[in-house]
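Just one chain is shown here, as structure tokens, and it is the form predicted alone.
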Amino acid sequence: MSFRKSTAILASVVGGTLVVIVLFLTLYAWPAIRLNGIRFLGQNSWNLGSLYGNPITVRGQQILPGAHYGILFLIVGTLLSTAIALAIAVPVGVGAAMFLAEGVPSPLRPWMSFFVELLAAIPSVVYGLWGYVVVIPFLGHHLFPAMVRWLGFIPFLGGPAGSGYGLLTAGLVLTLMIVPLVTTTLRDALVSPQASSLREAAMALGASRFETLRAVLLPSVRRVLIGGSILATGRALGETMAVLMVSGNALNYLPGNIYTPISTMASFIVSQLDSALEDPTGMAVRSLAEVALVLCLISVVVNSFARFLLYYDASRA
């Protein structure tokens, strides 16, 4: 077998795995899809029903009395927490990458880069425990009340400050988890041989160090920045334990402000699985599989949009 054919087979395993996962989730969740319909995406009505009642038949499917499944609050919580994390992590990651590439003395650069990369290796449950013990008390007792007092006139920043659990807390913890992805990918691009050639050429023309970085190097690595941001987005969308420990695990309501407890799709699947397994009809577990399918499709849409941005950027070059 030729090298080209063998590598093509190995490369197809990745795409084939994604197809198998989506196909499995679709087949397993199909009874729930038939039962819930499109309202599954637009209602806040997750209720397992009476676990001690006799199953009833609805739309040809066996469910418990009073069971309803709607995940709008999960979609909103997932997208808002990810958006907050990206809004903070991308600028911080770009600044950190610029500092590591240009501002750190050469002898210290490998060590500082190592510590940044080490943040990505910390298990998510450790971030969750740190958020629970340190971040939540600080935010709930100090930062959130101050934000309400001084910034409460801004929409979505006013109202009850809460106890520290909530949307902003989840976004901040996610930020710390995804900053290393943005920083390391961009730093590697800024210190690559191609970037070094551009740096030398710009400085030879009289550009200052900052002008070289802002006007020459950063535009040259924008595709790398897009790619790193999409990796960070995927991490934030799928994060489970850390978000579960700091988000408040809200059920069936949308956030009224940035301090409101939320649930995300990934964390909700974990928190509800034990209860869903007690459903003798199995519809609760299949509905959780439908949640996983929606999350998977959102990830596919996000990555497809990223590929479009990269294609559009390449076509303009």
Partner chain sequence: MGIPAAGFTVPTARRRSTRLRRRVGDYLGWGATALAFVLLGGAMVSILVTVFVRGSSAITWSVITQVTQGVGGGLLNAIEGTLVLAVGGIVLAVPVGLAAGIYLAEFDEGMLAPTIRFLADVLVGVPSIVIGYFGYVTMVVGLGWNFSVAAGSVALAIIALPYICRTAEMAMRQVPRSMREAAYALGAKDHTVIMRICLPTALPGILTGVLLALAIAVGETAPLLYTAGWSNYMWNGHLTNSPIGYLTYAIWAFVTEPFATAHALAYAAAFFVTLFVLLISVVSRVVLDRNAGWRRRR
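From a predicted model like this one, the values you see are computed outputs, not experimental measurements. Positions refer to the first chain, counted from 1.
Just so it is clear, the following notes concern the form predicted together with the partner chain, a form of the same protein that is not shown.
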{"property": "Site check Ser192, Leu225 and Thr260: each within 4.5 Å of the partner chain in the predicted complex by heavy atom", "result": "no"}
{"property": "Position in contact with the partner chain when the complex is considered in the predicted complex, options Ala266, Ile33, Leu64, Ala250, heavy atoms within 4.5 Å", "result": "Ala266"}
{"property": "The partner chain: the contacting residue among Ile75, Leu86, Leu157, Ala207 in the predicted complex [heavy atom, 4.5 Å]", "result": "Ala207"}
{"property": "Options 67-75, 193-201, 232-240, 138-146; stretch whose heavy atom lies within 4.5 Å of the partner chain in the predicted complex", "result": "232-240"}
{"property": "Residue contact check: Phe153 to the partner chain in the predicted complex, 4.5 Å heavy atom", "result": "no"}
{"property": "is_contact(Tyr312, the partner chain) in the predicted complex, heavy atom dist at most 4.5 Å", "result": "no"}
{"property": "Any non-hydrogen atom of Leu273 within 4.5 angstroms of the partner chain in the predicted complex", "result": "yes"}
{"property": "Non-hydrogen atom contact Val116 with the partner chain in the predicted complex at 4.5 angstroms", "result": "yes"}
{"property": "Partner contacts for 266-302, taking the partner chain in the predicted complex and a 4.5 Å heavy atom cut-off", "result": "Ala266, Ile269, Val270, Leu273, Asp274, Leu277, Val285, Leu288, Ala289, Ala292, Leu295, Cys296, Ser299, Val300"}
{"property": "In the predicted complex, whether the C-alpha atoms of Thr7 and Gly228 sit closer or farther than here (change of 3 Å or more)", "result": "farther"}
{"property": "Comparison of CA distance in the predicted complex with shown form for Arg307, Ile178, at least 3 Å", "result": "closer"}
